[in-house]
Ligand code: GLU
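Shown below, as structure tokens, is a lone chain in the form predicted alone; questions about how it binds or moves come after it.
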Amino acid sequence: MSESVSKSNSVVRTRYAPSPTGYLHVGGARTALYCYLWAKNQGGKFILRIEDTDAARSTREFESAQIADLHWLGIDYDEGPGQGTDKDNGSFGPYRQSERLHIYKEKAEWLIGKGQAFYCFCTEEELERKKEEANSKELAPHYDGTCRKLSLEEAKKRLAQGERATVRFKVYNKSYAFRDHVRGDVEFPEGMVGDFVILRSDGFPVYNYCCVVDDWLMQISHVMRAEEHLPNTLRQLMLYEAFGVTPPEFAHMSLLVGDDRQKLSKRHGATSVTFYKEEAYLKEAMVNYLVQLGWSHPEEKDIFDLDELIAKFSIDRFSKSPAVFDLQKLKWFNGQYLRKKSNEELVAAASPFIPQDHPFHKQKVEWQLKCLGFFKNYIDFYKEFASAMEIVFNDSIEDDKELRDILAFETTPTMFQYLQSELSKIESTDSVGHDLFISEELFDRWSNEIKTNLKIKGKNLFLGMRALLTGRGHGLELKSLLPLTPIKIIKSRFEKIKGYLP
């Protein structure tokens, strides 16, 4: 096997490498988003690599679920597991670590042959005893080098006799340093780690080893990951050096935390993208919010779509400070994007979230468009439309002091008589029983006649009309709300309100 050569970083290649041991975490989605945006901004490639060497916990079901969530967010990979497509034929595959075990074995043997690694026959019991001894002497619990000086010939003989061994990387006392795009200059003094395992006795690689091998062979130019991975970089720099490979550029992003400033976990509430997708959060809102958890728009904008993100994204605008995952802020973003949708889009998207027996579905499309276009200004989620529309289909009276005070205005009885006469002139349903509604023009005519002929103005006019026609002392814009309310509901309320008049 020939020695490794440094890769070229002329083409930006980023990767997201999840473990398929659960659903996609919002922190993982943020990492994937950053990697995707930087690759696309630079005209490069975004790679999905599945780190499934934890055979006991990894499943294809979780892998498929994570890929589906990435796709929902609009984060599509250029190379990675194919799921029936031709992506499995990418020139840097396979993209599941469980299918790359022969590669890790080959590279480990190369390190052993170069004297950069060695077989270790120490048992778990022996290692635990040595660790306890080191702790009792207040020494660093590093491997003591028992098998480091074994000749390769002797090690292979013991292997041939059936002994099991791990492969350890041979660490030399020296310091390491690198430039991080978020943390700046990072230094690791000598003596921080001892000879560490790169292959377990069952042939499976440990994280830091396979991560380096994969990033090197897949020609990853930029590794963007959470701050918690910063300590791993030391071992990885050692391995890159041993392979004679130039390390990728690193960007260790701030952690996601809850409102208690602790690492975001299930105790803070739902943390999986799947949950938010199933709760009908808008993917545009999710992307817009996630990207700002540790990154800022160069023009300090809050609302922007994925295409604009690709154009504006850079890796010099990351924040070092922990990012608080604020559910209320995410809800705000969701409302902003919901209100950006056309009324036609709303009817198509929101209808499934409105119960099938709801009166909404019995109305004409023109009314549905107008109704959702009005109520979208007061809600944040599709599923809130049904409760928001309660005001136009509920003939109940909200009996409280505010309503009674308005009904006690000396002008209210006069207005009641006028509106009673007007309501008696209009039908509640058409010839086939469909609901009828008053028009905005009719509402304006009533208002103008009350103002002109009855000389009722100001709050007496507007509060009085609201109280008589809606049975409430306050509420949404009456001129828009009333034409959405079936005439039969208005009339029913009007009859009930008589009992509250002084």
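All residue numbers refer to positions in the sequence shown, first residue = 1. All figures in this text were calculated on a predicted structure; none of them were measured in a lab.
If you look for the form predicted together with this ligand, you will not find it shown, but the lines that follow are about it.
Can you work out which of W72, W367, Y207, F196 has a heavy atom no more than 4.5 Å from this ligand in the predicted complex? Only one option qualifies, and that one is Y207.
Spell out, yes or no, whether the shortest heavy atom distance between C211 and this ligand in the predicted complex is within 4.5 Å. Result yes; C211 sits at the interface with this ligand in the predicted complex.
May I ask you to state whether P18 is within 4.5 Å of this ligand in the predicted complex, using heavy atom distances? P18: contacts this ligand in the predicted complex.
Would H229 count as touching this ligand in the predicted complex under a 4.5 Å heavy atom rule? H229: yes, in contact with this ligand in the predicted complex.
R225: heavy atom within 4.5 Å of this ligand in the predicted complex? Result yes; R225 sits at the interface with this ligand in the predicted complex.
Those residues of 49-78 which, in the predicted complex, come within 4.5 Å of this ligand by heavy atom: Only E51 sits within 4.5 Å of the partner.
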